[in-house]
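In the block that follows, a single chain appears as structure tokens, in the form predicted alone.
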Amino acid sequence: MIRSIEVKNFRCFKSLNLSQLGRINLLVGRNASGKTAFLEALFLVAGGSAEVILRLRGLRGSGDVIKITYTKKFYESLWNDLFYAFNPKQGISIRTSGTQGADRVLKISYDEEESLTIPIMDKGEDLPGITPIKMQWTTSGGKFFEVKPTITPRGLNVGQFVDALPGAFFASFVSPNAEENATNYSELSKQGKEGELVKALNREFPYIQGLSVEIDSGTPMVYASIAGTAHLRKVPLTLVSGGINKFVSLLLAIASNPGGVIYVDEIENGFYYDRLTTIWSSLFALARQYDVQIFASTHSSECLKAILPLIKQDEEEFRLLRANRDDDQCNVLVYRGKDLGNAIQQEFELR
């Protein structure tokens, strides 16, 4: 579990230092106050490949397909928006500390001592002026590894994942990956652990009697068994409801990443407001069971009010993180669960 994070020169954060983070961390703030960037910083330091950066570009709406050109401008466009004020002269540093593998450091900078070499037609060709980006992770136990993305005739080589902290990132307004959900559910089923998830889903949506993995047009997908007809009918979960699909995706992510971290941008999207209390209850119970930490941003006062009954049960598990922008940089303040509960009860504006 991540207990503290220090960020330098990443996106809108020139310098950020937070401690005393909890199991459930609710991130609030105005638009452009750094909420998504904060989630990205956590996700990047937990990763172990430059692929994580490219994935975040896609989740930000930059497109899933990268058209490669052998130019300095193209290569640097992939990385320069990571740096504070788009200035790569000062390198990025993200450091986390905590328990169960959460002690990690990520440093990102251009390696000025090297020139990028691109193999074309089976020959190496130096391209003057293209300086490789280097990403250096140090993980718990002092393990160190470095990644330098290169351009090849087959595409962009970003390196393999190495010693990543378990977790999953859910972007705002991006549908969960159906095939990934099917894989996660299949693995839980093999371990005989799918029953807990189905019970949580059935409590919230009684007409869903069960889940299974089926093949649809050659692609594995999670199907829901729907009651209400003479026979149970199996329907792709993505067609039942966007909110139900998201709920199951979150439950699957928690159960599939024990000891890990789940990052959710605008968690309230897709959920009807009167469902939020019981949805939070299911997520919290499963997060405790699998020792998973959640960082979730929200713009919804209903989402904050819905979590109050859980805060009353164990206020030490909860934190409010309030992001704000001051001129050209952002900051985040941490409030303990007790203060969050009192503020919600007194109907203070927290968003």
Partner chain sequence: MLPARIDGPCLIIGEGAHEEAFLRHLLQNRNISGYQVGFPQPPDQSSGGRGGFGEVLSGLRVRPDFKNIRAVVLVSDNDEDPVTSFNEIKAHITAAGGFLEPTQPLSVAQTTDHPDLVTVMLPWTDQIGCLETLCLPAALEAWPQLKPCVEEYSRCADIGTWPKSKQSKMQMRCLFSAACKTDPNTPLTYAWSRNPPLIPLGHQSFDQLTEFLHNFRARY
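Residue numbers count along the first chain shown, from 1. If you're wondering where the values come from, they're calculated on a predicted model, not measured in any experiment.
Beyond what is shown, the protein has a form predicted in complex with its partner chain; the following relates to that form.
Asker: Though its partner chain is not shown, can you say which of Ala37, Cys303, Leu320, Leu310 has a heavy atom within 4.5 Å of it in the predicted bound form?
Answerer: That would be Leu320.
Asker: Leu340: heavy atom within 4.5 Å of its partner chain in the predicted bound form?
Answerer: The answer is yes: Leu340 has a heavy atom within 4.5 Å of its partner chain.
Asker: Within a 4.5 Å heavy atom cut-off, is Lys14 in contact with its partner chain in the predicted bound form?
Answerer: Heavy-atom contact with its partner chain at 4.5 Å: absent for Lys14.
Asker: Is Leu350 a contact residue for its partner chain in the predicted bound form, using a 4.5 Å heavy atom cut-off?
Answerer: The answer is yes: Leu350 has a heavy atom within 4.5 Å of its partner chain.
Asker: According to a 4.5 angstroms non-hydrogen atom cut-off, is Arg23 in contact with its partner chain in the predicted bound form?
Answerer: Heavy-atom contact with its partner chain at 4.5 Å: absent for Arg23.
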